[in-house]
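A lone chain, given as structure tokens: the form predicted on its own.
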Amino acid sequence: MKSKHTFPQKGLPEGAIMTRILKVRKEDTNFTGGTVFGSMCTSPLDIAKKVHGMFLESNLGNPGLYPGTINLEKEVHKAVASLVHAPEGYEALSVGGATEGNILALWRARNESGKKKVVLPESAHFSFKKACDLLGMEPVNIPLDQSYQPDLSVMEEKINDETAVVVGIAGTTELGLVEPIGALAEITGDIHLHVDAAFGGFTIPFLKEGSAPEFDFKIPGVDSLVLDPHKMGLSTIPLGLYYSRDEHPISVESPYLTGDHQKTLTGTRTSASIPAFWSVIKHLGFDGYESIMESCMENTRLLFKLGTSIGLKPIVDPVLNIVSFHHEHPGEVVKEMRERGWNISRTVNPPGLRFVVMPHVTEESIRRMIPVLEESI
């Protein structure tokens, strides 16, 4: 007698499979209609979706089999390096996203310095908690001041001979703020300074001239940086890009593959999203990204204005395409809005309502959402 198990004994015809898949797809949230205000991701461009599907077999963990994809990766790295002012001799790695890039940055800083303390603001993404736990490192959390920026006087006190790395955020998850990376570099000195620009990396460079704060390798003290093409880069998930001012020796031998060594955390790694992102870069160009960002900022200003008009108090003036308002019970409002078909999110420090104005968010969807929000607060 065959043992009982949940793995199917016999295969199903494609029609039966697709019936279930289409049903499940309808159950998932999608970005059509502009009702999602709580996500830092958006629907990739059509060309990205099309190209991604053509490279599903690619695995740059075994790079010798995919010389064409490798060449596209090099072009992507070079193009984005110019956006973040990477100097000669930089190293670029494609990773699964900023979480992996942040872990990679701390791993390298720990091994290079022989130290384990990580000085980071309270605004830092939760991926740093993962990184510290995995690497046996000790987080030293820096409080935020009244403007929700890291308290630099406290940070300067906490940086000492045991510090391996200092972290700054360019595009904080809750408020979309760009921290004073230049000031961080001045007080960090020779200690490794890592910038998490997961969101800001593909927003700040495309802001109107004169309004973009400095955050990247243009600042001499920045040692590494990570940014996510699968957010405002408008490419497919998953893809992050990790940049280092200098090439690091940390790697693991992979002698049975076509590449002798691997520097990323994953073996089989992000591949199809690289030609997808290459296609987006070529399709939009700088002007296209700039136009999309300006549209997002126009809608951000509209949401800010309309939210204020219904009595909500802004936490900060928007710097990037994120709007946050004070609210004592944000979880209740988030739940109420979701029941009404709208996805928004909340902030923790301080408690509030958070809206990410991605390209799928339109003027029309904002104007439809505001009356529902007014009833929910």
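Nothing here was measured: the structure is a model prediction, and the numbers come from that model. When you see a residue number, it is the position in the sequence shown, counting from 1.
Another form exists, predicted together with a small molecule; not displayed. Remarks below refer to it.
Report the stretch among 167-175, 70-78, 303-311, 141-149 that approaches the small molecule in the model of the complex to within 4.5 Å, counting heavy atoms only. Correct option: 167-175.
Tell me, yes or no, whether N102 is in contact with the small molecule in the model of the complex, where a contact means a heavy atom of each within 4.5 Å. Answer yes; at least one heavy atom of N102 falls within 4.5 Å of the small molecule in the model of the complex.
Does any part of G34 reach within 4.5 Å of the small molecule in the model of the complex? Heavy atoms only, please. Because no heavy atom of G34 falls inside 4.5 Å of the small molecule in the model of the complex, the answer is no.
In the model of the complex, does I181 have a heavy atom within 4.5 Å of the small molecule? I181: no contact with the small molecule in the model of the complex.
Looking in the model of the complex, any heavy atom of M40 within 4.5 Å of the small molecule? Although the small molecule is absent here, M40 would touch it in the model of the complex, with heavy atoms inside 4.5 Å.
Consider the chain as shown here, without its partner, and state which of R108, H85, H125, K116 has a heavy atom within 4.5 Å of the small molecule in the model of the complex. After the contact test, the surviving option is H125.
Please identify the residue among A198, C296, I204, L234 with any heavy atom within 4.5 Å of the small molecule in the model of the complex. Only one listed residue qualifies here, and that residue is A198.
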